[in-house]
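The chain below stands alone and is given as structure tokens, in the form predicted alone.
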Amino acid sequence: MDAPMGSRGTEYEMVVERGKIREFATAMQSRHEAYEGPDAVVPPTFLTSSALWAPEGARVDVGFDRKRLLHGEQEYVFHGPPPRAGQVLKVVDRIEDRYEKPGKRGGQMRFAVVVTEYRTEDGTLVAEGRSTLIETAPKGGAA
């Protein structure tokens, strides 16, 4: 069953670890000094790793068939300085939008825009991740 727009997942914590920032930067082949040391800042796409912190069932379920699921787009908006090593972020997903478009091979493609909010422990919004998920039409083009 599809969760309606506005549905929210369960909030969980993400501890921003210095070592994980460095590992992420290394995986990106970056040696930028901002990603090292006790005050390291997170690389722009680091917040994607928050999914690894989510307890089972905490992320919002858009109800798409995983066999036909595509990750269409990802965007991050920072509302101030990027998070730093040592911060604890409160993370929650919500469904911002749902829509459909005809598929080029027939049938309807379904879209869901999921916004992940990253807040400090006092509730200040520091960043948002906006992910567009796509469920392709079933084979044969039937909707």
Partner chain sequence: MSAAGTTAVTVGTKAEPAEFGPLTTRMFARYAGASGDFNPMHYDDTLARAAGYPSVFSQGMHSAALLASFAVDWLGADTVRRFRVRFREQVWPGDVLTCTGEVTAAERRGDGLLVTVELTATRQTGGVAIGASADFLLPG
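Residue numbers count along the first chain shown, from 1. From a predicted model like this one, the values you see are computed outputs, not experimental measurements.
FYI, the form predicted together with the partner chain isn't displayed, but the following is about it.
Q: Please identify the residue among 55, 80, 102, 37 with any heavy atom within 4.5 Å of the partner chain in the predicted complex.
A: Of the listed residues, the single hit is 80.
Q: In terms of non-hydrogen atoms within 4.5 angstroms, which of the given stretches 93 to 101, 23 to 31, 56 to 64, 106 to 114 touches the partner chain in the predicted complex?
A: The contacting stretch here is 23 to 31.
Q: Counting heavy atoms only and using a 4.5 Å cut-off, do 41, 71 and 84 all touch the partner chain in the predicted complex?
A: Yes: each residue has a heavy atom within 4.5 Å of the partner.
Q: Residue by residue through 48 to 68, which ones have a non-hydrogen atom no more than 4.5 angstroms from the partner chain in the predicted complex?
A: The stretch touches the partner through 48, 49, 52.
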